[in-house]
Structure formats: structure tokens, C-alpha cells
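In the block that follows, a single chain appears as C-alpha cells, in the form predicted on its own.
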Amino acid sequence: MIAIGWVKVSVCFILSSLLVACTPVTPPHTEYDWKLPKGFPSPLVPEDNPMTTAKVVLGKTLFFDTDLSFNQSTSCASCHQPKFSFSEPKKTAVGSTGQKHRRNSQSLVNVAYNSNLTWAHSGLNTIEQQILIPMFSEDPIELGITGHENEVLLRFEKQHYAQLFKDAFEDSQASYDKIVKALASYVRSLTSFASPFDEYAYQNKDGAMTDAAKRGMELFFSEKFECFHCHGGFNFTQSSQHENQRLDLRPFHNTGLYNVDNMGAYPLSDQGLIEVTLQNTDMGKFRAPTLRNVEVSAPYMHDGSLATLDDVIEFYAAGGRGQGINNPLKSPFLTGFELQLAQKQDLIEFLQSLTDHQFLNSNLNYPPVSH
């Protein structure tokens, strides 16, 4: 602490504010070991789907299995690839039929802590709810199970799956309820807290971050740059809930990406949260994603329209893009700022310090499922 003075002290105070409970909450008993670093809270888990190791193992097998798509071409991992922090390097996703989607595939890192799922839906609050969309949605089609329910389910009557289902649910019979719960358990297990930043901020390893990254961290948490207002807390997003924090901070923001009518409108192809709430003030609002492993989850924004971290920082420095700079519905934190080249480089190095290579490598060699 003494070596770097107030910067580390103030930053750690901001980050630790969501780690300390006002009232202690006892997490539900489960057999699953989260292996969280000391002081980090356990995610909230639905009472009807407690975490178990067997469910995570089954869910992982299902996640990488193309049999879960109607035409056996696509798995969950097709759009959520481990080496890209469970996102993919495409502007927007492509479903099992080849249909192009309108939104970028989000990273699944620490999704267990998200209070809201997807880019712009205030009503999707559990992973179990969200998983139903890629499985059964008809517009856009992702896995395309609708209309092929029996055909797809029969694929999971194989012997090796029967044992996995029995281990997870004490019943070898496959069902969509079990598949959803197992997938949710695996996705919930994808926690990442072993980056150089974590070593520096939470383990007092002053040498874990470079001097440039430390300077970038000071800029990130400054009132001039204001990054931390939307990307705060230990998960670098407002969309966080856990055993010590149950308050929904409504993490949706208009960043001035568009302003097609000079009155704040976004393109009709995707207008964000307003499509769900029908509230005019929610035009162009999207959820602020976590910045953990952001180095490898390009491209950025809901439509993948910013290709690099350099582009992202230039975008925020300008206070938006094009006519979006004058968007009347834009977040008050998006005022823009003067940025020197050295400062941009320092910011990028700080963002790179959030990369957890141990997490990224943990599933790279996962064996394909044999059919």
C-alpha cells in the first residue's frame, strides 16, 4: 500500500465496497467448491438448482456438444469460445441455420454475478431463463430446437449421458429441465479472479502490474475519465449481485453510439432496452458488460462496431460517435475528455492487466463429444 500511496488505497476502497456485507448472509449449502479467492462473495444460486460438481460436469459436456442444435452443426461453445473469454471474434453471432444475429456474443466470464442477462433485457435475471432463448428462439434461430424437441432430446439417451444425468440428478432420464439446469450450473461456474490486477489489488503483490498499468488504473478510477461509474466493483460492471449485494443498480446506459434522427433514436434494427420497457428514456440503452478479460473479447459494443480497445477509448474520449455525441438521451458520464497518446497506452495496459490466462486456458483442451 505504502509504495504507491493513495491511488491503490482509493481504488481498493472502491472495489471492496461491493465485497463487504452490511448484514452477513450465509450462502446456501452446496457440494460445489467455487474456489473463490479469500474475501470474494459467492454468487446467488436459485433454490431449485443448487450447484453440484456433477451438474457442472454434465453442463460442460452439453455446452460443447453440437447435438444440442437441431441440425447438429452448432454448440453453445460455437458462439462462446473459451479462448475469447467465452465470446467470439465476430461482430454479431450466427445461428445454426446461418442466420446472422443483430448482437455481439457476450463474454460469459463471471456471468454468475450478473443481475441482468443479455445486452438489453431488464426482465431476464437468471441464467436458467436466459438459456431458454438460444435453445428455443425462432427469431433469430440459434440452436433451433423448437419443432425438433423429441429428435434432439433422444440424442441424450446415450449411455455416457445416462450416467452423467444419473450423477447430477439421481435419474438417468434426459429432460429439457435437467439440460437447462446443468447448462446453467456450468455457465455459473465460469469465475475468473486470477488476473495480474487481482494479484495486485487483492493479494498485495505490487509487482504483478506494470507501472504503465498502474497509471492506467489511476486514470480509469479518476473523475476525469469516469470509467468506473459504469464498470465498477470487483466485476467491473454495474450488473452485479451476490450474497452480500442484492440491490439492482439498473446497469443499462446510452453511450451515444447513434443518433439517427438528432432526437436520440437508435437504428430500428436494434434500439436497446426500449424494446422491452417501451419507455422513451430507455432508447439506446444497453447493459455495461464486465471488463474482465476484455483484451480477448473483441469486437466491442452491442453490435460489435468497435474493433479494438484503441477504438473504444477513442470513442469514449470523443463522448460518443458522430451524431451520437449530441444524443440527448446519452449518459451524463459520457462527456468526453482530452486524451494524450501516453495516457491511452496506459489505459490499454491497465485493461490488459484484467486478463486471466489461467481462466482462458482452463477449457482450451476440452475433448470433443463423440457421437
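Residue positions are given as counts along the sequence shown, with the first one as 1. Bear in mind that the values here come from a model prediction, so they are computed numbers and not experimental data.
Same protein, other form: the form predicted in complex with a small molecule, not shown, and the subject of what follows.
With a 4.5 Å cutoff on heavy atoms, Leu164 does not count as touching the small molecule in the predicted complex; it lies far away. Contact between Met51 and the small molecule in the predicted complex is not found at the 4.5 Å heavy atom cutoff. The closest non-hydrogen atom of Gly95 lies within 4.5 Å of the small molecule in the predicted complex. Though the partner is left out of this view, Ser331 does reach within 4.5 Å of the small molecule in the predicted complex, counting heavy atoms only. Of the candidate stretches 170-178, 102-110, 152-160, 194-202, only 102-110 has residues with heavy atoms within 4.5 Å of the small molecule in the predicted complex. Comment: the small molecule is not present in this chain, but in the predicted complex one of Thr118, Asn125, Ser137, Gln271 has a heavy atom within 4.5 Å of it, namely Thr118.
Among Val57, Leu309, Leu44, Ile325, the residue placing a heavy atom within 4.5 Å of the small molecule in the predicted complex is Leu309.
Using a 4.5 Å cut-off to the small molecule in the predicted complex, not one of Trp34, Thr61 and Asp206 places a heavy atom inside that distance.
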